[in-house]
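This document starts with one chain, in the form predicted alone, laid out as structure tokens.
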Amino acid sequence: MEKKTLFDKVWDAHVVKSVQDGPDVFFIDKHFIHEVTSPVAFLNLEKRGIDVMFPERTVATPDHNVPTIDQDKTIKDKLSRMQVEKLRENCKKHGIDLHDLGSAHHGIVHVIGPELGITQPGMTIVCGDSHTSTHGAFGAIAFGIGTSEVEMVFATQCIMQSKAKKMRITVDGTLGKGVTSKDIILYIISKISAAGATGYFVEYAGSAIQSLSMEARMTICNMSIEMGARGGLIAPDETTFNYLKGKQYAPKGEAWDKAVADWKQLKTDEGATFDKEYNFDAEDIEPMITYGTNPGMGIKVIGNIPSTEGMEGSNKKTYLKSLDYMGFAPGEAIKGKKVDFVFVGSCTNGRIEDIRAVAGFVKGKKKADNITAWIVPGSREVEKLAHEEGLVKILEEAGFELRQPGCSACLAMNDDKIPAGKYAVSTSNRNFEGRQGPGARTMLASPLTVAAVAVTGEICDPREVF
């Protein structure tokens, strides 16, 4: 009997038809949509006189462009307002479930899917957003698609897709104090580069991965895309089942028991082969931070920015251009660098566990005077829990500003922009030039490191601060 990986099992179960020497016609279980990549797809359906084939398999929420203050008022930005209005119109017309601004389950698309129990093991999930890989934490095949593919899924519930190569990244051992899942993934990307997994679907395995909560696993799968991977996934286990049990869209009663029995089969067979394997030791991972303009440019917060030794030609030129943008120099320590903004939020680290971690560390302390500190919950549910648990009070007393749910300063498609030349330490997923605003300088780190930076006003080791 053929030995299959988890990826093989889920993929093969969803192939409707294989095209010889071409892609597979691939069935999609759940399609998440938002206000940015859906309007043109809907417009093209209309032009062709086609309806959405399975509206019950589509879930919508506005997140990218939405403001994070005064969400009960009319959106000031004309383009953002138009996109959100179009999403409402199209969802109403096609009978699609919309979690709108102000509703109980509004939030970032990759936060509300798991939170509501819509995301489940063994599913195929797509969205017109690269960080759809987040949902792979449940043992699902989840990946981002373009607008034309969004239209294809609307019309047929299928997509034309070639099967990716398979990579396994194993992290064994026990994580040290102050080391989080964000540090794991930043460490991995720093080792294999921002293009090191191009063309692959990555399965994360090993005792360090298995020890993580679901929210921590989502952080890792979310950033798979930042090393070029098509997506990432983790085999479901008791942690997965306990997280899903009782959620609104999770199976109930006998259907739950049957689902769990099926989900338990979703693991890589002993002896199944991968196209590429990496093994890392959890003890080698320390709090991480990025220093450049792609997520692969990461070091330990106690480390030095790499020198140009051994670099030649265009590689050296590109490297120095990146450091010049950041205002850094080869070989210098990053610790002690002054910072202007901290941002806790995004589909990477905008969940309740992240906010609990930050509040736990800053309780009884004050942010540094030079820091502007924004906390943006990933959903209304996260916001509600943060209020109920007294976290908002702690954060506000420490000088943090709590905003309303949305993608916020992760990508600056809204009003939450880091000013040009200013330094931000961010829990989001990308540090490209201008990602958080024209001329903004972004360093990616874990919520714990961000909390430490907020209190000290400079890059520091959270293990020393707390």
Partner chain sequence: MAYDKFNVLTSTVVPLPTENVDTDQIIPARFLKATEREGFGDNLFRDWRYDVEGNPKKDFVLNDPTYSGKILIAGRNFGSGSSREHAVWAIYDYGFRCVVSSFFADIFKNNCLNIGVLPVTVTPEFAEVIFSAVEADPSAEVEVDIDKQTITLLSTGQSESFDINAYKKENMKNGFDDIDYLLNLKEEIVAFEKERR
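Keep in mind that this is a model prediction, so the values were computed, not measured. Positions refer to the first chain, counted from 1.
One more form of this protein exists, namely the form predicted in complex with the partner chain; it is left out here, but the text below deals with it.
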property	result
Option from 243-251, 280-288, 153-161, 331-339 whose residues, in the model of the complex, bring a heavy atom within 4.5 Å of the partner chain	153-161
Residues M82, R430 and E433 all lining the partner chain in the model of the complex, heavy atom within 4.5 Å	yes
Close approach of P39 to the partner chain in the model of the complex, 4.5 Å, heavy atom	yes
4.5 Å heavy atom contact, E46 to the partner chain in the model of the complex	no
In the model of the complex, S148 touching the partner chain (heavy atom, 4.5 Å)	yes
Partner contact for P114 in the model of the complex: the partner chain, 4.5 angstroms, heavy atom	no
Listed residue that, although the partner chain is not shown, lies within 4.5 Å of it in the model of the complex (heavy atoms), from A60, M413, L402, A398	M413
Listed residue that, although the partner chain is not shown, lies within 4.5 Å of it in the model of the complex (heavy atoms), from R380, R230, K300, R168	R230
Residues of 358-385 having any heavy atom within 4.5 Å of the partner chain in the model of the complex, listed in sequence order	none
